[in-house]
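Heads up, the chain shows up twice below as structure tokens, two forms, tagged structure 1 and structure 2.
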Structure 1
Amino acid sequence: MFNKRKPSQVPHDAEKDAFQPHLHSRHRAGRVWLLVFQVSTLIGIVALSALLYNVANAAFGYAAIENKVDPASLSINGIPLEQLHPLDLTYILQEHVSEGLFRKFAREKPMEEYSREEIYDLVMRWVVQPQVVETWTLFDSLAHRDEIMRQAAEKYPQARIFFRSWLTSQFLTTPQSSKPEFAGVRTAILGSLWTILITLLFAFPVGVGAAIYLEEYTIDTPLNRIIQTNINNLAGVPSIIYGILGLAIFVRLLEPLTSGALFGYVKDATTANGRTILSAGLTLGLLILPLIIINAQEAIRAVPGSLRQASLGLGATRWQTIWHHVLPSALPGILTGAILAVSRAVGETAPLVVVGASTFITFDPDGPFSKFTTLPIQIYQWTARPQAEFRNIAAAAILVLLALLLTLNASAVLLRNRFSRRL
């Protein structure tokens, strides 16, 4: 008879006694870390909620507005101002503004071509001249409405008191103005979109191309390790440094190119200036280039090596393998990195200030060689004003910036998910 192997011995009581305390300590450590993670998440939610509350608190609320000229005094034959014919509105405008200002309006566009809404807006802005004399926050407007009405009636008997949203369709479609009642963010939105477009057109192909070269073609050498280390370090360089770099290279050194003089865009070369959308986009492109390279490298590195070997084994060249197999598999991760990079570029202010973004501009950019401003610059300029009303429109502009950022990110996420489903 063969000897049967004895079953494994049950641990001794001494071993059990030594094991149990460690088990309890591990469970206790796990519960502690779970609590830490929950508290961290709660702090993040509270901080984000406080941010949104402060912005919304300033973007909505009661406002007291006084008119320099009573609109009722401008009625003609009993017809109120808002119902007058464009010819009557033009007559009122000509009678109440200076000849030089009226000629300025006529030089911009013949008065016959102005729509009724445009003429009415000119009359309100330059004749009636409404002025915000005081504003109240959203919380005070909801919690102390009766007290606000009583104080406003005593302090501003001629003013109109009404609940106002500073974020309106007119706010989105009008250019900047020195008066907060008529200021808008149209030029800033267009400037931001132009800048981000040039940034992506420059940084995305260059960054992905660099990542492909570093991951698929180079070998591990001291030189390549130095290059990789520098790319990782450049991702943490302060943005103001990139602004100084952009000022030296794109604004000054490459001024004929970035100003458009090289292509005949500027009629007088002596007035050419490199402080354009093109310079800003290229500067932000340099800023996010390390982020795109690093994220693209991680995405390419995550593609299984067996996929490359199978493609090469079937006779495909290295480039065919990269183009038809590696890149499609890595594209969702590459787009994720692009989303993070665009999120950083949209909110940058310091590099654009150095490059030469305008803080006050009233005309829309019409190309890469135009002068420009962006939403972060616009918000910065408004918050620096002493009038409280500019802080209200700055809060509204922050909401626009957040909506623009979420829209761009949502578009990139949908594009990424579309490519993920194809895999």
Structure 2
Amino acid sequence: MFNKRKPSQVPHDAEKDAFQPHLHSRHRAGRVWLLVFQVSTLIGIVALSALLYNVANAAFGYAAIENKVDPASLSINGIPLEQLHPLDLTYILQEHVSEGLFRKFAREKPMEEYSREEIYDLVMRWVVQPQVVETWTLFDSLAHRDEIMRQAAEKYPQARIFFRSWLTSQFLTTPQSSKPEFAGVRTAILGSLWTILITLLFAFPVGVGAAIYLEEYTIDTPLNRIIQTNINNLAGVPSIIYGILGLAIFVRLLEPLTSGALFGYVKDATTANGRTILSAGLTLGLLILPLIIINAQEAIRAVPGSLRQASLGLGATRWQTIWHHVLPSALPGILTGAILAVSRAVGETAPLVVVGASTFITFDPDGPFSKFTTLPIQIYQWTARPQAEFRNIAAAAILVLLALLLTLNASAVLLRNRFSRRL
């Protein structure tokens, strides 16, 4: 049919002969390339899956744990350790730890004020001292369960082998520790939240203000054009450069301010060097400022001009028009953009390393002048450790971070949907 030339039925036979359309090979090329495009897309999906699988693989799985002291040997009159009375637990603690250490516990608060859980925790940590001797990935744990059990029983006859989620409620609520079994992300989560709070308090008003200025007040002067170009360029500056800027300006130059010395607030000498939550928050603020401005500009631009004219036509001033009409209409868009910018800040690591996140702190941050660590910093430090157990808790911390980001993004999507419904 159409795949064959039929010269006689065509008016311009002679000329058409000059064409060799090779439809067959052209269609084949089309199919081959389509396959290339599809495979490329598939690779992208596979990469994402591999990344998530890799994290989950390390966050859950069998662990072999050996106790320094068998809890069974600590039972008194046949009552297992978990059910002992606090006084008995205190007794066990006193028996097994050094005098100095016990005095240290007593100095923090009188022993009788410790709750049962707290004492039990101390006994576990300082007497039983469970230690992870080996861990297995989720995949192996599911696929080769018997094999693992056999191997572990051979290698670690003393050990208890059980399926462990490294992401537990205890993981979320305990501070950093040098032992992976007891380490948690409490300090890091609080550090992240504090930092983001500062970032928002700084970047949101300034960013939205800049966007309003650029969209509502600018006349096309060279200065304003430079500002606009400059903002676009700043959005492309690598984040680590902001870290260097933060180090030079906030940590070093503005040290009296960022360490709290200016306000007479210096808790201990180690925070007075300016490597505080305030410096970190301001640095991240500068980092996401261009993003907030650009997003807010788009939201403001989407507000129809007729709305402004209606307001101005009633004799409202420019600011009244903006405050009462433009901003309320643009707010969902501005908020969506701000949330996305914040989720970028939540995941930032490099600038905070440069600004001087602490490598090891166990106390909760209590204000903008505290030393800090954040979730990504914690993940970085744990990942960089050679021991396998730290990989496990790094993976658990990644799950916490991803959950936090997912929450942020979901709220952005919800806002965006509400926004688009209204228009």
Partner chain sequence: MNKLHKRPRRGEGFIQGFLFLAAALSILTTVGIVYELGKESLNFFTRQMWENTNKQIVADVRPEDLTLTINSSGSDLHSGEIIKISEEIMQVTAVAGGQVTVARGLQNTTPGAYNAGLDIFESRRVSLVKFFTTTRWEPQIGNFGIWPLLNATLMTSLMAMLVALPLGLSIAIYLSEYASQRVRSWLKPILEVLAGIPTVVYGYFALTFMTPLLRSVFGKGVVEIYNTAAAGIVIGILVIPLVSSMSEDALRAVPVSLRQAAYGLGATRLEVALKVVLPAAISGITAAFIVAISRAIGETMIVAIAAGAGPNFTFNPFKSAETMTGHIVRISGGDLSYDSIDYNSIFAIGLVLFVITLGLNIVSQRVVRKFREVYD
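All residue numbers here refer to structure 1's sequence, counted from 1. Please read these numbers as outputs of a predicted model, since none were measured by experiment. Take the two forms, find the largest set of C-alpha atoms that superpose within 1.5 Å, and that set is the rigid core.
- Only structure 2 of the pair represents the form predicted together with the partner chain.
- When the rigid core is held fixed, the Cα atom of F363 travels less than 2 angstroms between the two structures.
- Shown in the overlay between the two structures, fitted on the rigid core, is a CA shift at L254 smaller than 2 Å.
- Put the two forms on the same core and the Cα of V237 is off by less than 2 Å between the two structures.
- Once the two forms are overlaid on the core, S75 shows a Cα shift of 2.6 Å between the two structures.
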